[in-house]
Ligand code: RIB
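Below you will find one chain, with nothing else, as structure tokens; this is the form predicted on its own, and questions on how it binds or moves follow later.
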Amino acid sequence: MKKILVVGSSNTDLIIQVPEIPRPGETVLGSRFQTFPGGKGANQAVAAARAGGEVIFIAAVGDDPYGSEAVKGYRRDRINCEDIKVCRDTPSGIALISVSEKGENAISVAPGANYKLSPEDMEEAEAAFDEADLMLIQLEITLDTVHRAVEICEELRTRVILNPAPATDLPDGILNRTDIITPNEAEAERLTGIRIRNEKGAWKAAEWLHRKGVRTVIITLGARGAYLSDPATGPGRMIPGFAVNAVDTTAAGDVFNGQLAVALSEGKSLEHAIGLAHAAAALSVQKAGAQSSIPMREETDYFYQANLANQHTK
């Protein structure tokens, strides 16, 4: 089995259910409070593992209960944790999440140990990079560390999937070493300056990213699906998603990326891989929490086959 390297953040999510997302200066009385393991890197590592991938996770946690519990959870999902760094005198990453009755969310993150993951740590994890078929990386760690990780992948000719979240500006030195980029609408607009109101806007944003050296662009558009642009496989086109009733969208993008990485590592076409990623994300938004909502491979395969006729209904 080909190995997937995930480099990124490990957080603990503190979640409160609220009637609606509060506006600036507003206090909203919520209801249920829950604690879940999270972090974009961790969510994507768990999603890839549950999708059947053999996953190596490079991350940093604090020397505290949040960090130790997180690592225990990764091991339960059979993730290789040998390169997870434990930082003394630094707290683990924490995310404060408000989830509305409509399934919308607002997230604030204190990075903690995530920002202690360094370029030198990438170099020390040489064996992990050597073993990987592809690397999946996000932006809840420092850009210097992201830059070094993609440089190492370029040296080893390892494919890079970059999920540019949370949204930020990126230097050309990262973009031109990225094989596949997976922004949502807001992230694509932040990167390119192009507002995506329709398929034409997605095409313009994708062309901008291609000019920066990115080979494959996948812009996720929520329930509408995803816009795929890869000049090697034909003109840009929409890959439809699945219509479901969302309860909590917190980890939908992470689930999409984890499943996408596994499907591509198994040699599936881009269209098929995106379809499976849509299915996994659709299953995840029907449950509360981040990692607790991530489906197993059998669930995703069944949902995908059973609901192909229901794609693009919203």
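The first residue of the sequence shown is number 1, and the count goes up from there. What you see is a predicted model; the values in this text were computed from it and never measured.
Below: the form predicted together with this ligand, not depicted.
A.B. asks: Counting non-hydrogen atoms within 4.5 angstroms of this ligand in the predicted complex, say which of Ala59, Ala251, Ala261, Val46 makes the cut.
C.D. replies: Spelling it out, the residue with a heavy atom inside the cut-off is Ala251.
A.B. asks: Quick one: from Leu143, Ala243, Ala186, Ile107, grab the residue that has a heavy atom within 4.5 Å of this ligand in the predicted complex.
C.D. replies: Contact check passes for Ile107.
A.B. asks: Flag Thr300 as yes or no: does it have a non-hydrogen atom within 4.5 angstroms of any non-hydrogen atom of this ligand in the predicted complex?
C.D. replies: Because no heavy atom of Thr300 falls inside 4.5 Å of this ligand in the predicted complex, the answer is no.
A.B. asks: Does this ligand get within 4.5 angstroms of any non-hydrogen atom of Lys40 in the predicted complex?
C.D. replies: Result yes; Lys40 sits at the interface with this ligand in the predicted complex.
A.B. asks: Can you tell me whether Ile97 touches this ligand? I mean in the predicted complex, with a 4.5 angstroms heavy atom cut-off.
C.D. replies: It does: once this ligand is placed as it appears in the predicted complex, Ile97 has a heavy atom within 4.5 Å of it.
A.B. asks: Heavy atom to heavy atom, is Ala290 within 4.5 Å of this ligand in the predicted complex?
C.D. replies: Looking in the predicted complex, residue contacts with this ligand include Ala290, since a heavy atom lies within 4.5 Å.
A.B. asks: In the predicted complex, which of 32 to 40, 280 to 288, 60 to 68, 264 to 272 comes within 4.5 Å of this ligand (heavy atoms)?
C.D. replies: Result for this chain: 32 to 40.
A.B. asks: With the partner left out here, which residues of 4 to 27 have a non-hydrogen atom within 4.5 Å of this ligand in the predicted complex?
C.D. replies: Going through 4 to 27 in order - heavy atoms within 4.5 Å of this ligand in the predicted complex - the hits are Asn11, Asp13.
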